[in-house]
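Take a look at this single chain in structure tokens; it is the form predicted on its own.
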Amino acid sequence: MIRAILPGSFDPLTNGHVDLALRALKMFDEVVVAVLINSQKRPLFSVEERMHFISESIDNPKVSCVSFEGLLVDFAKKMGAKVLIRGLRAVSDFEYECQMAMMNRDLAPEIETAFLMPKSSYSFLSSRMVKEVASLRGDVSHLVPPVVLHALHQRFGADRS
């Protein structure tokens, strides 16, 4: 069995994240969506809320959700994962992601990094953009799962039509 980890802050979860997790299941036996706890950041949603969004939005027994702190490769070893999944939206993502993959390979050569391209309709999508548009009362209903949309409405105001 090959377990893969899809790490991120997921603040909030987007349809792009969901797409990556489900597409990764075509290549791996199990996908762990790993929510990073980063004390340096001030997330919009708590770790518990983000984990709830994931569990509500991805209904597949081969996808689990956990939170973690510290080095991703240490977490991957603890989970028995052999692959880290990273999304590449554009060439601009590649340089950073390549550096991270090389560092992770240096720290844990037994763990591979797999890069997945999003659907073209999600190639521009980021959690940061979703939060910005939602905060300005823009329509993000096609960019996030319903549970996330509801939570964004709660944070920024309910009337978006």
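A quick note: this is a predicted structure, and the numbers were derived from the prediction, not measured. Numbering starts at 1 and follows the sequence shown.
Although not depicted, the form predicted in complex with 4'-phosphopantetheine (PNS) is the subject of the following passage.
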query: Contact segment among 130-138, 66-74, 52-60, 111-119, judged by heavy atoms lying within 4.5 Å of 4'-phosphopantetheine (PNS) in the predicted complex; finding: 66-74
query: Residue contact check: residue 36 to 4'-phosphopantetheine (PNS) in the predicted complex, 4.5 Å heavy atom; finding: yes
query: Close approach of residue 9 to 4'-phosphopantetheine (PNS) in the predicted complex, 4.5 Å, heavy atom; finding: yes
query: Contact test in the predicted complex: residue 27 vs 4'-phosphopantetheine (PNS), heavy atoms, 4.5 Å; finding: no
query: Residues in 73-108 with any heavy atom within 4.5 Å of 4'-phosphopantetheine (PNS) in the predicted complex; finding: 86, 96, 100, 103, 104
